[in-house]
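Let's start with one chain on its own, the form predicted on its own, as structure tokens.
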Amino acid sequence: MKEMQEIQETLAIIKPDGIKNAIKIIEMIYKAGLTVKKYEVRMLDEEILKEHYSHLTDKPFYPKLESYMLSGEVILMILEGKNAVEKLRELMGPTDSTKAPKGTIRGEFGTDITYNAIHGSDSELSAINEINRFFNKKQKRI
């Protein structure tokens, strides 16, 4: 008997380099069986980036990543669907866009490991934490 698929929510962020292809990316998301439950277009600030990337702030590449994520607007989205976390991860492709197959978001629209068009939660727990971080807290507006 086939295991039932669970309806989940996950967070996706169309990054500054992905904005120019946002319509195509969102179409890919819908074609994969996910829906956009809520979205917001905005600039991020250093404080939320340091919290979101807390596991990376001590890495030598973090300043480049932070500068990139502050360079333009992003689209924050709560996506919903059956096995949403796993489905989005598959649709995005590997973090390094140069290794992402054509037909994935990063394979189509990313250029490297930093400029990779989209972020998606990597687990159900991350999805809950990230949705709370970006949608349920009072955010400083820029």
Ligand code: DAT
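One rule holds for the numbers: they count along the sequence shown, beginning at 1. None of these values were measured; they are calculated from a predicted model.
Keep in mind that the form predicted together with this ligand is missing from the display, and what follows is about it.
For the residues 65, 49, 43, 28, the 4.5 Å heavy atom test against this ligand in the predicted complex is passed only by 65. At the 4.5 Å threshold, heavy atoms of residue 55 reach this ligand in the predicted complex. In the predicted complex, this ligand sits within 4.5 Å of a heavy atom of residue 95.
Contact annotation for residue 36: none of its heavy atoms lies within 4.5 Å of this ligand in the predicted complex. This ligand in the predicted complex is approached by residue 114, whose closest heavy atom lies within 4.5 angstroms of it.
With contact defined as any non-hydrogen atom lying within 4.5 angstroms of this ligand in the predicted complex, the contacting residues in 87-110 are 89, 95, 106, given in sequence order.
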